[in-house]
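Only one chain is shown below, in structure tokens, and it's the form predicted alone.
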Amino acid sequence: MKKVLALVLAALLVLTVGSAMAEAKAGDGLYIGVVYKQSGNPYFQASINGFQKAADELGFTFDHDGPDDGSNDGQIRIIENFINQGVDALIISANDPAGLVNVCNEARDAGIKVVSFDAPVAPEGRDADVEPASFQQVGDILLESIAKSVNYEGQIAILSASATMGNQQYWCAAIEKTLAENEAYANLEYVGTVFGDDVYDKSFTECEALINQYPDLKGIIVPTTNGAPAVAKCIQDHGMSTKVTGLTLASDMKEYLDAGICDETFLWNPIDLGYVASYAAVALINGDITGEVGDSFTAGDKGEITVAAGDDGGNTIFLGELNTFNTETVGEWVDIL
């Protein structure tokens, strides 16, 4: 009887151990620090849903923070705090690509993997980067959108976030490049770029200055989710016929799409961006990838992802997804973004 009981107990032990092993997750025991550009920004609040979804699937824990003032110095302080806490990885949307290199390399020297997302850390300060699409692709989409809205002629401007933000710099440069090279835009007059620092009130004020200086301004491209509703509201309040397009949250822009101030705006899903960045970080920590071009990993329900050559000379993971918001589609997104 004792022999039978021992065999039963041994079998139960094997089943218990086997079950525990089956339930082990790739991120079990890992701790990740997420650093975004600015606290309270709805775009980054949406991205946290993606980090949480990945955490539930992979088993890691994470904390997130961003500076109140959207500054590089504020991000450095947050990163240093995460380094002191002993995180396994940092996932960062950079306010200044070059400005974070030293502190990110301090983290890497301590064995912490660094993944940038949405706005890259410069290549020499990161292990991987996750972007929604190539900067040229995004720039071309925004330029073609405003060109259609103004019938391919007249004055246009860009109201960007900050002159130091890498993604903003690359998008603006892409727009300027295509304007200079593509004859389809020969009748558009580009009057320049102004900066609202990703702050609603300043974006509104900068828009007012633009339309005062250029009363015949036909269109404004706004590649910033905080700036876009401010610009649209400014145009509406001043009774202008100036058209607006940009990278926006659907919930922010529905009223301006319905009012005809915008014909269309665009955005990838920031939830997906946080989700894939999390999977990339865990794959780096576990040694499944190194971040080199050609590396591939499976990112949950987004499937297999391959590392490609980035626009900034580094290696980048492109999601390749950009959603269009117009009067027909925006209603599908307002409860999501």
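Residue indices: 1-based, along the sequence shown. No experiment lies behind these values; they were computed from the predicted model shown.
Omitted from view is the form predicted in complex with ligand RAM, to which the following refers.
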Legend entry - Partner-facing stretch of 96-104, 263-271, 82-90, 181-189, counted where any non-hydrogen atom is within 4.5 angstroms of ligand RAM in the predicted complex: 263-271
Legend entry - Heavy atom of each of Phe60, Val130 and Tyr275 within 4.5 Å of ligand RAM in the predicted complex: no
Inset, instruction - Flag Tyr43 as yes or no: does it have a non-hydrogen atom within 4.5 angstroms of any non-hydrogen atom of ligand RAM in the predicted complex? - result: yes
Legend entry - Contact flag, Leu247 vs ligand RAM in the predicted complex, heavy atom cut 4.5 Å: yes
Inset, instruction - Determine whether any heavy atom of Thr224 comes within 4.5 Å of a heavy atom of ligand RAM in the predicted complex, and answer yes or no. - result: yes
Legend entry - ligand RAM contact at Asp118 in the predicted complex, heavy atom, 4.5 Å: yes
Legend entry - Selected contact from Gln75, Asn167, Thr242, Ser203, since only one has a non-hydrogen atom within 4.5 angstroms of ligand RAM in the predicted complex: Asn167
